[in-house]
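First comes one chain, alone, set out as structure tokens in the form predicted alone.
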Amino acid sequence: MELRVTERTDEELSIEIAGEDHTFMNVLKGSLLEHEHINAATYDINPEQSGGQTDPILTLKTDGSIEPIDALEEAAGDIRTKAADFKSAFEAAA
């Protein structure tokens, strides 16, 4: 996975995530939106203004009480935890 920050302020972050599709981006966006300090999270796979860019760009905005990059890290950690919990539940059910 290749990441490239395209814009960053104290409350907003836009990051290109190379090689990912709607499946991963929806999970990541959903995890961000569950965070209490996230005001908005969205992504765009092929923005018109990009001149044909096809890798998704994730954009998130915080309420200012957390750095956007820290919120992204927490969201990724939450996904990791949920995946591990699912794996354990699946193995117990099998």
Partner chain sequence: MASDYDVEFVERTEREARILVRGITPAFANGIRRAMVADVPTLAIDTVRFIENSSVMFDEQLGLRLGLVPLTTPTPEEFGDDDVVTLSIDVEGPATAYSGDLVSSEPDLVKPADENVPIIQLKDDQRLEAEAEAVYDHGKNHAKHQGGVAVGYRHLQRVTVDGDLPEFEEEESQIVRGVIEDDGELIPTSEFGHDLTERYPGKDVTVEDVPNAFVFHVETDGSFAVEELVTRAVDSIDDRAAELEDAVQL
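Fair warning: this is a prediction, and the values are worked out from it, not measured in the lab. Numbering follows the first chain given and starts at 1.
The form predicted together with the partner chain is left out here; the points below concern that form.
Contact check for L28: a heavy atom falls within 4.5 Å of the partner chain in the predicted complex. Proximity of D63 to the partner chain in the predicted complex: non-hydrogen atoms within 4.5 Å are absent; the residue sits far from the partner.
Within 4.5 Å of any heavy atom of the partner chain in the predicted complex lies no heavy atom of D55.
Using a 4.5 angstroms threshold between heavy atoms, D10 stays clear of the partner chain in the predicted complex. In sequence order, I69, L72, E73, A76, G77, D78, I79, R80, K82, A83, D85, F86, K87, A89, F90, E91, A93, A94 are the residues of 58-94 having a heavy atom within 4.5 Å of the partner chain in the predicted complex; the partner itself is omitted from this view.
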